[in-house]
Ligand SMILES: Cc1cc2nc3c(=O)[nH]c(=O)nc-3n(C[C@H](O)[C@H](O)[C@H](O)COP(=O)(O)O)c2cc1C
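Below you'll find only one chain, the form predicted alone, shown as structure tokens.
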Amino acid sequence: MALRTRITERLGIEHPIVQGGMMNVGYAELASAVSNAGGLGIITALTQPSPQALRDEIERTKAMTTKPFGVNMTIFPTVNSPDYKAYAQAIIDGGITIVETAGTQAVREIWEMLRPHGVTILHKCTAVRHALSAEKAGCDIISIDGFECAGHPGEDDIPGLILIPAAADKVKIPMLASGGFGDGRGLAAALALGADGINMGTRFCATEEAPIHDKVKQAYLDNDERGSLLIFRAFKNTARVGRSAVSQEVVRRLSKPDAVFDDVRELVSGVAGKELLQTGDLSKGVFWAGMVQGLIHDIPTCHELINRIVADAESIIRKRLYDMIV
């Protein structure tokens, strides 16, 4: 059996489950495993050191799956911005037809490059007003990101239980629910709340194919639903990371009234985070992690995880909920 939604039909996938693009995690190994299992895998453009390296990663992914997969492009203000348009051209040259985007409105320039090539734009938003703006600007699918998510949850602090139906009431295009999803109960709930599928990041990090160290995967299992911390709130750039000695030190330093980013730069740098994921040394930096850690109890293959989620969601919809009707 399978769940058919606007997401499965639009993306040409078997199950309404999308793997979010994740820095230093979204490589061919994970993306192809998710796609081969019937979901939509996504490789992360800016994880690659150059546009040519992205071209090579696209080809590597194609060699590992014949199923649809996408590429993530996230645009945030940085001191030394990468050549986003060159990365977008690499996506076009690679024949990619699905792109997940996130970040500032500057991403719309990338949309204008991609659209003439028949690319489906899947845009992540943390607020209903942002989703409506993206829909009006011509994106094809919204991924609405609740406060529970890893990474950047925005500044409104609205959890998925409210944000998803609030968005579903107004957004007309297909919509994914993101933030806090990791099992069949979540998928069934997302569909009930008005979404057409789910986007998972943290849960896919705790799979066999995720290209990160086993000690990091174990940290996801060891942490519970309280196992994340919010950092950068004072800078209006809130980020949710896994609870660890390093992230607790970041919170401590930034709690001072006169704190500035340089106070924690060496602890939160991308280089440090990449080294953590590769070596498993949790003292090297911080790692992205959502509240869904409280629902992660094993490290399955992507195939096992997706099949379990879909089977459990179908059982909930067909049996548990149906049997309540009298």
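When you see a residue number, it is the position in the sequence shown, counting from 1. Fair warning: this is a prediction, and the values are worked out from it, not measured in the lab.
The form predicted in complex with the named molecule is left out here; the points below concern that form.
Relative to the named molecule in the model of the complex, residues Thr5, Gly70 and Pro174 are all farther than 4.5 Å at every heavy atom. Checking Val99, Ile141, Cys205, Leu163 against the named molecule in the model of the complex, a heavy atom within 4.5 Å turns up for just one residue: Cys205. Heavy atoms of Met23 reach within 4.5 Å of the named molecule in the model of the complex, making it an interface residue.
At the 4.5 Å threshold, heavy atoms of His123 stay clear of the named molecule in the model of the complex, well away from it. Contact annotation for Gly201: at least one heavy atom lies within 4.5 Å of the named molecule in the model of the complex.
Of the heavy atoms in Thr74, some are within 4.5 Å of the named molecule in the model of the complex. Contact with the named molecule, judged by heavy atoms within 4.5 Å in the model of the complex, is confined among 89-97, 250-258, 133-141, 180-188 to 180-188. Residue Thr44 is the only one in 38-52 with at least one heavy atom within 4.5 Å of the named molecule in the model of the complex.
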